[in-house]
Structure formats: structure tokens, C-alpha cells
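Heads up, the chain below is alone and in the form predicted on its own; it's given as C-alpha cells.
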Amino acid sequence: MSLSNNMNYPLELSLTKSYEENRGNIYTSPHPSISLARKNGIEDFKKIGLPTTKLEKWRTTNLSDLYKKEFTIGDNKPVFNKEINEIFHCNVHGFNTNVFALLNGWYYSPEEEQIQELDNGIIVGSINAAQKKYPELIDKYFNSLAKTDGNGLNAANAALFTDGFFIHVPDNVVSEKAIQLIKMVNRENNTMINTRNLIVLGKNSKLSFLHCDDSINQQPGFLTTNTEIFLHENASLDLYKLQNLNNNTTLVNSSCVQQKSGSDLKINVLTFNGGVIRNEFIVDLIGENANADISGMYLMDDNQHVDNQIKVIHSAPNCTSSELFKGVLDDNASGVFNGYIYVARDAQKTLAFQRNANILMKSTASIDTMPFLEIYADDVKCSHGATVGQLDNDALFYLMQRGISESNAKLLLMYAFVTEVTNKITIQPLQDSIDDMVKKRLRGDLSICEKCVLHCSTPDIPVEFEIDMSKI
């Protein structure tokens, strides 16, 4: 019997049944370390079950209604009969990327192109294909960071992932083009999709990676993603996560990062839509002079729920980290921010900062914010803070006195509030597109559609506020 309840949820039974029925085909792995991870994952899942509000980390995110639903699991493999842009066109103007896709949990490409080596030596493709072609990399890295840790969804993901994305950047390689992953869901029935990603950056390497989670239709879905990221000495990764899912979809996104000396990590999580979205990041700075900059923005309304769980571990001295998460919540939307900074005993000269700021547009919106520091070194500079409030009435009055309507004045203040996060995007064409998406979302114009949300911004039809900014 699972620990999640006194009785098994239908989803628990479906997950166990899917593994037992399909371990001879869908969940078969040619690599022993992955086979072991699957076996251990299902055993852990049977012991601990699905996470509920009885667990401290889940007390503010309740998925019990979701667990009662019936989902198709595993049987989602698409036939490659169309090019990516025929299904889902994504275009950020002036932003040159290598585009790859996952469709319904499977790498979407012709069979002969499931994994490839780019001209600069970067290996990219299906994690299933990587098991066969690059077993030495799988042996060295796979499942060494991602742990169950009492989380039944992570255990289920380890056992039941269908496919995922693999990136290996060799030593001393600087990628001139960003890599973009479009993770699409397009099913006519309720679908649970489990994917696994592995990203490895060698010494002195550099990469920008854009990860988009998008729905093509309004069909309910349950998505779990588990990502392991390794940054070797002096490696640099800019990771952008764009989340624009329908209101019937739940996404649980778990990422574990290990940083060696001199490495630099920048993460920007941009959440525009989704029924329930939970982002978990565990970043461990194990080498001196490593830096992690983690930012997030969430714009939620209706009955949407967003939960950001961030843990930064300072294991080595002379490292820096910063966390900045800002959100605007309207209607009956709810949010959670749980920021945890851990400084080990030998991690002297640590600089660690954390801030969460929120605007509640209505009294029915809510946020549960929990910044936390745990420090065992004595020569450190650490701080944390959280604010929850409404729009500044004085600023609102100031704008309206200059002939700006109340609705546009509110829009301007909300836009100015979140740009502290969007301004951290270092790729200008991407920042411009994100700014346009923010404006559309705040006006209520942005929702999931048959085109990638990034296609909403075109040079011919810019998104502008209908006011004279020169009067401000």
C-alpha cells in the first residue's frame, strides 16, 4: 500500500499497471544504468506513492483531484510524417536557434536523425538514442543527480519516462547558436507524459538553451519532466524556460544542477499560463568561484496555480548565488514560492541573496512565500526577503493625472514590476519577444493557440501600449 493515502488513487494503479504491461517494450532500455533506474523508480513509487498535502513540501499544492482521473500513459509515440514547422511554428525574429522537438513525450525526428553531432561537435538528440550511441556518457552522468527524495512523481518519472532530450557540449566549445527545445502536447485524450533530460557542458564551454512547454489544444494533460545538468570547470549555461500551457494541464518540472569551479549558471523561468505548474530547482555549487543566478516571473489568473521550489546549496567557498522571483496574480489564482539557501560549514566567503515580490490584483488571489536560510559558515553575506502587496495607489494616481486611463495605468505598473526579471534575458531578440508576450498576457490577449506563443510577436504588428509615453 502506498503512503500517499489509505487507499490507492486511480492514477497510482494506472502508473503501476503501465510499467508492468509495457516494461518489455516502451520501458525497455539497452543500457543497464537506465534499466536499474527504472526498476528502482517503480519500487520507490510503490513504497511512497503520489505526493499529497501531508508532505511539508506539498502542503500548498494539492493534486488529489488530478490523481482521481484516468490518463493514457506511455502510449503516445507519434509517427514522423510532418516537419516540425508544419505542426507548431515557432519564430522569434532575429533569434537564430537550432530547433528540436519532443511531441507527446517522444523525440520528434526521422528515425535516422534521432541523435546527431553538430558542426561544432555538440551532440544533441533523443536520450533513448544516446543510450545506444554514447553509452559512456550515459554511464558517467545519468541518474547521478536526480533522486527520488520521497517524491513519488520523481520515482514514477524514473520508471516510466518514454524519451527525452540529450545535450553534450565538448570542452572549449562555445555555441554561437542557441539550442531550442519545443516540448509539445497534442492528444485527443487525457494523457500523462513523463520525460527525462540530460545536459552536460564540458570545461570552458558555453551554451544558451531555450526550453518551451506548450499545448497545441485544450485537452487535459499531466506532464512530469526530470532534468539533470552538469557544468564543468568554467562552463557557462543560459537556460530559459517558457511555460504557456492550457488551463487543463498540470506540469511538474524538476531540475538538478551540479556546478564545478568557475562555472556560471543563469536560469530564467517565465510562466504565462497553465492549470497547475510546479518548478523544482536544486543547484549545488561544488566548486569554488561558481555563480548561480536564478530568476522567475509568473503571471497567473482565473484558477491557475504556480509553485516555485528553489534550493541552492553552497558546498564550496567563494561562490555567489542570487534568486529573484516576481509574480502578478489575479482572480482566484494562487502561488507558492519556497526559496532555500544552504551554506555548508566550509563554504566561507559565500554571497547569497534571495527575493520574492508579488502583486495581488484581487483579494481572492493568494501567495504563500517562504524564503529560508540555513548557514553553517561564519564569513558570509546572505540575505532574503519577500513582499506581498497591491499596486501603488500613489503611482496609479500619478499616471492617471497625466491623462492615462486607469486600465492602462495599471497595465504600465504591472509591466514595470516584472521587467526586473525579463531584463535579465541577455539575448535581445528573445527579450523583445518576451516583453511583447508580457504585454499581451497582462491585457488578457495571450493564450495557448495553434501556433507557438513566440510567434505572437512580429515586426509588422508590434505590441504597444495605447498611450503617449512622452507624457509620463
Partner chain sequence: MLLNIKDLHVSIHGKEILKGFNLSVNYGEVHAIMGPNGTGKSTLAAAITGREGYEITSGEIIYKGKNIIDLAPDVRANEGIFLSFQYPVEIPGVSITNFMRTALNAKREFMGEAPIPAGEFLKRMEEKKKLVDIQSKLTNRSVNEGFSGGEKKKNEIFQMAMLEPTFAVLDETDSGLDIDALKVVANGVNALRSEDNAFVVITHYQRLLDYIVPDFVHVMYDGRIVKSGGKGLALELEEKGYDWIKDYDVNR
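Positions refer to the first chain, counted from 1. Just so it is clear, the model here is predicted, and its values are computed rather than measured.
What comes next is about the form predicted together with its partner chain, which is not displayed.
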66, 76 and 78 each touching its partner chain in the predicted complex (heavy atom, 4.5 Å):
no
At 4.5 Å between heavy atoms, is residue 413 in contact with its partner chain in the predicted complex?
yes
Find out whether any non-hydrogen atom of residue 173 is located within 4.5 angstroms of its partner chain in the predicted complex, and reply yes or no.
no
Would you check, heavy atoms only and a 4.5 Å threshold, whether residue 399 touches its partner chain in the predicted complex?
yes
Within a 4.5 Å heavy atom cut-off, is residue 35 in contact with its partner chain in the predicted complex?
no
Interface residue in the predicted complex among 53, 28, 428, 405, criterion: non-hydrogen atom within 4.5 angstroms of its partner chain
405
In the predicted complex, the one of 113, 374, 302, 392 near its partner chain [non-hydrogen atom within 4.5 angstroms]
392
Exactly one stretch in 66-74, 405-413, 43-51, 428-436 has heavy atoms within 4.5 Å of its partner chain in the predicted complex; which is it?
405-413
